[in-house]
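Just one chain is shown here, as structure tokens, and it is the form predicted on its own.
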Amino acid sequence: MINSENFIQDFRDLYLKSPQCGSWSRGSENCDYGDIITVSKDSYMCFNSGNCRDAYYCEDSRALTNCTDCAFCEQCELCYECVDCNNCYDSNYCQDSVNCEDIHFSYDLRRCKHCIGCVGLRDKEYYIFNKKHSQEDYEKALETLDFSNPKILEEIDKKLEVLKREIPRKFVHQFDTQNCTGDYIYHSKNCYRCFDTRHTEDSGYIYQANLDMGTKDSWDCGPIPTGMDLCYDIAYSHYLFNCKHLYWCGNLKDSQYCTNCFESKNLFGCHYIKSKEDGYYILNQKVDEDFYKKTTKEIIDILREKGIYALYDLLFKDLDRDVVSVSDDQLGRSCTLCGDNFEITEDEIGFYKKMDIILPIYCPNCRAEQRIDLRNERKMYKRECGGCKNPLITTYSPDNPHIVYCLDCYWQNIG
């Protein structure tokens, strides 16, 4: 029997007893060590990455081949210790470089080849510390570049830092964007305070939308929001429409306050279910449409009265705390967690009204941190699957109270 007054505790109980997936992979082979790996093969200890081959210790990257220790890179091959590089080949210790080959210890290069310790160059070849060299001199210098010698690496780093301070750089990392604020935004328009985001439109506070594609008409989503429209307060989820307050969900429509739910619609407070498109569900129980609309409205009113703002609040908030009320017409306010001042834009106001959402009481940084805190730390443990009992390598520690399944058991048993 569903009781609106008991929803918070019933929701928490259902969440705690619902099985969790030991490691999230999709369409991948031999990528057991790591988490959130999609369409990849033979990759080790990689996180939040897709379409990778023979990648090691990489994170937040796409389409890497034979790369190690790279982050926020895309379409790179034979690269090591690179950050925010795209379409680079056979390069090491580089940052913010695009369409380059055989560059080392360099920063902000475009369409360059055969460079060592360079900064801000465009369409250059055979340069060392921003000075032109012959091919023969460059090849001799490359032979002496011992990546295993700490003294050599330290000396190069010192020279490079001098160049970095001398050469101006662009104020923001954006490409193919229109009317966007934030950083590391690509192929997007009308984005407000977004970071590490691709293919996103008319949205704000979107973080790490770089696995496949970003969002449209959505706010406060990430990390890893993929293919969303009209969504709010979403983390680690994909292909959603008109959804709020979700974690680890995919292919949902018109759903709220759910985790581990897939290929369904009209869900409220549900966990660990899939393929529920035949009606309306509250706390995994099927109900009729009238009861669904009446009860979900009652529950939402109770959540607002108790100061429940987001999914994280619903799962973990101490309900004995004093509730801080904030008037909806107050555009500037202080975060009730960290105390920092933050503003709410007119575009946000319009979105919140359209989606029937109370105005935020936490600043954007605290909101993002809460969504990230829903996820386990990036540390791997050995434990056994709660279903088939086979050994697992997972981010869930052996003393974690959740039931943890391997990927096969998870998909076989989800309701």
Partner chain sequence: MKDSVTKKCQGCKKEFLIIPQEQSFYEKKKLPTPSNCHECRRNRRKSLRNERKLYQRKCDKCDKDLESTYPKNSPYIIYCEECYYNEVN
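The structure displayed is predicted, hence computed values, not measured ones. Positions refer to the first chain, counted from 1.
One more form of this protein should be noted, the form predicted together with its partner chain, which is absent from this view; the next part is about it.
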Does any heavy atom of residue 147 come within 4.5 Å of a heavy atom of its partner chain in the predicted complex? yes
Contact label in the predicted complex: residue 91 to its partner chain, heavy atom within 4.5 Å: yes
How about residue 315 - does it come within 4.5 Å of its partner chain in the predicted complex, if we only consider non-hydrogen atoms? no
Residue 59: heavy atom within 4.5 Å of its partner chain in the predicted complex? yes
Note which of 290, 166, 137, 278 lies within 4.5 Å of its partner chain in the predicted complex, where distance is taken over heavy atoms; exactly one does. 166
Give me the residue from 227, 307, 120, 250 that has a heavy atom within 4.5 Å of its partner chain in the predicted complex. 120
Any chance all of 220, 264 and 411 sit within 4.5 Å of its partner chain in the predicted complex, going by non-hydrogen atoms? no
Name the stretch, out of 100-108, 125-133, 227-235, 240-248, where some heavy atom lies within 4.5 Å of its partner chain in the predicted complex. 100-108
What residues, if any, in 42-68 have a non-hydrogen atom within 4.5 angstroms of its partner chain in the predicted complex? 44, 45, 47, 56, 57, 59, 66, 67, 68
